[in-house]
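This document starts with one chain, in the form predicted alone, laid out as structure tokens.
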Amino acid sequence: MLVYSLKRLALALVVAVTVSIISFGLLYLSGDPAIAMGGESATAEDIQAIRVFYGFDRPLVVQYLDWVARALHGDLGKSYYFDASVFDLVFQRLPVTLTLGLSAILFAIALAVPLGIAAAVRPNSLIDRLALLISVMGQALPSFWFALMLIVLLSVTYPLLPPSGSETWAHFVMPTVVLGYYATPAIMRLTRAGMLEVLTSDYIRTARAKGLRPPVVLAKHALRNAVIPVVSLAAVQFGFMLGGSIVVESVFALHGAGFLAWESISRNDLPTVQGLILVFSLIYITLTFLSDLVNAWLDPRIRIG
């Protein structure tokens, strides 16, 4: 297990370095950052002064290494628009996005896994068709439209939940449903496919022949192996939720990191975009690494292979 963990850790570090290079390159994606900072009215002397002041006149390799060194010490630069530390901006907003993402993935798992198991136990039945309908709807409904319909129904027509804000748990109910429903179809289909494959295995037939009760066979023997790919998918989906919560946070006015990303992109605030991409990527890499370790613990064949 230790050797497998070290191999996965080395791979995660390589991916992290690659992401840092891409994040740094965003600064030059739209051209010379000194010109972008100076604006249309800046003279050549002003642009040169900005270039020297921020170190844009140095070689790119030197700039990258300096940026990485500062990032390792928690310095992600200064926001052009907000005139504040990018590190402070991101980590002030991140708890809202993490709360939303965690509640959404738990909602998706709580809905998708039981549906996938029920659909696999009774294939081509009514519950299987219901699961298929939920899956198709989850893929077809645009997140912004679903969010607006929930606001109309649960905040306007029937004032049960607040339409915006992040002050109480009630403010997260509708965003959780919208964001979690987006991940439900993939988790449910994978659970169903895994259970269908496992239920036809020899060891499941042996367990049934020994007289074990069906709930014990499902929970103790079948689900443990069928859930292995679901763990990896849930980690990936959670990472996608953190980075893809921009629309949901904008509709429900949740001032999290996703909403900060939208503000930064619309105002060409590249240092903040850099910091957000780096932080989200590192969270995603960490989740993937942890899911690999969990899968190796669930199935020893993974770490042996």
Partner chain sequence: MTDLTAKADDIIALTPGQILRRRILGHQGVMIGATALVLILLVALFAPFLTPHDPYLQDLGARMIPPVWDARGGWDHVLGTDHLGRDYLARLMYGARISLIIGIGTAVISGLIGTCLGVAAGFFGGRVDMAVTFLITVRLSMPVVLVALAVVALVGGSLEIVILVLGLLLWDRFAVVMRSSTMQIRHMDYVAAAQAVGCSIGRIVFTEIMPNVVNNLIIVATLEMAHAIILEAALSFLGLGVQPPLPSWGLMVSEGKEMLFFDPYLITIPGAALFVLVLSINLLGDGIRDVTAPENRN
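Residue numbers count along the first chain shown, from 1. Since this is a predicted model, take the numbers as computed values, not measurements.
Although it is not shown, the form predicted together with the partner chain is what the next lines describe.
K.L.:
Heavy atom within 4.5 Å of the partner chain in the predicted complex: which of V247, V68, A253, I35 fits that? Just give me the one.
P.N.:
If I apply the 4.5 Å criterion carefully, the residue I get is V247.
K.L.:
If you check P159, G165, G74, P142 against the partner chain in the predicted complex, which one has a heavy atom within 4.5 Å?
P.N.:
By the 4.5 Å heavy-atom cutoff, the listed residue in contact is P142.
K.L.:
Taking M137, L148 and L276 as a possible spot, do all three reach the partner chain in the predicted complex with a heavy atom inside 4.5 Å?
P.N.:
Yes, the whole trio is in contact, each within 4.5 Å by some heavy atom.
K.L.:
Flag I265 as yes or no: does it have a non-hydrogen atom within 4.5 angstroms of any non-hydrogen atom of the partner chain in the predicted complex?
P.N.:
Flag for I265 set to yes.
K.L.:
Hey, in the predicted complex, is V173 touching the partner chain, heavy atoms inside 4.5 Å?
P.N.:
Contact with the partner chain, no.
K.L.:
Would L9 show up as a contact with the partner chain in the predicted complex if we use heavy atoms at 4.5 Å?
P.N.:
No, no contact at 4.5 Å.
K.L.:
Heavy atom to heavy atom, is F289 within 4.5 Å of the partner chain in the predicted complex?
P.N.:
Contact check for F289: no, nothing within 4.5 Å of the partner chain in the predicted complex.
K.L.:
Does any residue in 83-121 get within 4.5 Å of the partner chain in the predicted complex, counting heavy atoms only, and if so which ones?
P.N.:
If the 4.5 Å heavy-atom criterion is applied to the partner chain in the predicted complex, 83-121 yields nothing.
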